[in-house]
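This document starts with one chain, in the form predicted alone, laid out as C-alpha cells.
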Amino acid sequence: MENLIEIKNLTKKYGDLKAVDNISLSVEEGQLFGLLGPNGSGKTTMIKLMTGQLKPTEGNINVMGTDVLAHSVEVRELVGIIPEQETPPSFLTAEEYLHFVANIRKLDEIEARCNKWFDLLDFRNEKEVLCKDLSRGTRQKIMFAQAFIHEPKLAFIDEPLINLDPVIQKKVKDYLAEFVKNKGTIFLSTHVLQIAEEICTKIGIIYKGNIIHEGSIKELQEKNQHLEDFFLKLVKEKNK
C-alpha cells in the first residue's frame, strides 16, 4: 500500500510554545488512522498543517503525492475536511450550501449527490432551513456531507461524532468502515477513546506536541489491553 500521508520532522511554534514538536509519521492507503490526545495536545494543529490551513515552522508534509506547503489549495481540492468547530454559512439553507460546495468542486449530478446525503444522514426535512436556524447536530451532518460529496480518496476529520445522536453516530461509523473497506483513507483526531477503539485501524497518541505512541488497535487487542487503560497509563508516565 502506498502512503497517502507522509510527515517528516514537522514542527509548529507559537512563540516559545511548540504545539507540534518534530513529528514524523505516515498513513497508508486504506487506513483509518486516529490521532488521540488530551485537549491542547496538538491534534487540531496537526490537521490544519496537513491541509495547508497553517504553515509549519519546520518540516515537510506530503499528502497524496503533493507537497502541502507548496500546493495547499490543490491538496484541499483533493481531500475532504471536517473541522472541529467550523459551521456552514448562516445565510444559506442546507441545500444551498451543499449545492454551493458541489458547484465549487465542479461536480456533476449535483441533485443526486445532495439527496444521497440528505437521506443517509436523515435531514431531508431540514434541507430548506437556513443554517443559522439548524441544530448543532444537523449542522454537523452538513459538514460531514460537504466533506464527502466529491467522493475523495482521503478525508481529515476533527472529532467525527461531535453533536450527533446515537442513531446518526451509528450511520456515520458504518459509512466510515465501508469507506475504508473500499480503499478510502481517513485521518481523524479525537479525545474520545471509545470511538477510536471501535473504528480505528491504527492510532497515534500525541501529548504536548509529541507522538508518544504509534501502533495498531489489533496489537493492543492481542495483548488484551484496552485503549483507555493504555492511554491513561502512558500519559500519566509522560506527565511525571
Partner chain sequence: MFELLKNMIKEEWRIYASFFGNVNFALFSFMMVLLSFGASLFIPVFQILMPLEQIALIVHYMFVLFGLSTGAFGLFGREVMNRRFGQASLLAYSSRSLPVSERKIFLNFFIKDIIYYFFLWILPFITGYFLASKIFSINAGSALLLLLTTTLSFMIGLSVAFFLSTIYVHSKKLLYVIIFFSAAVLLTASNHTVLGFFELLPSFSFFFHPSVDNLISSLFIIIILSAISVFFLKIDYPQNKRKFKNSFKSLSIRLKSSKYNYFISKDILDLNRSEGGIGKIIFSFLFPMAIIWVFILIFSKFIPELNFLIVFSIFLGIISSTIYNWLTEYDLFNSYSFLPVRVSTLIKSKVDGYMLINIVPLILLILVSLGTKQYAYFFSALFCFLSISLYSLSINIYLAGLHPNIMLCNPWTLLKYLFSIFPILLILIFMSIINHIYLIISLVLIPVSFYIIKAGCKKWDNKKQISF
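Residue numbers count along the first chain shown, from 1. What you see is a predicted model; the values in this text were computed from it and never measured.
Below, we turn to the form predicted in complex with the partner chain, even though it does not appear here.
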query	finding
Listed residue that, although the partner chain is not shown, lies within 4.5 Å of it in the predicted complex (heavy atoms), from Leu107, Ile162, Leu120, Leu130	Leu130
Non-hydrogen atom contact Ala112 with the partner chain in the predicted complex at 4.5 angstroms	no
In the predicted complex, Met143 touching the partner chain (heavy atom, 4.5 Å)	yes
Contact test in the predicted complex: Ile81 vs the partner chain, heavy atoms, 4.5 Å	yes
Close approach of Phe148 to the partner chain in the predicted complex, 4.5 Å, heavy atom	no
Region of this chain that lies against the partner chain in the predicted complex, out of 173-181, 24-32, 206-214, 49-57 [heavy atom, 4.5 Å]	49-57
Residues of stretch 59-77 in contact with the partner chain in the predicted complex (4.5 Å, non-hydrogen atom)	Val73, Glu74, Arg76, Glu77
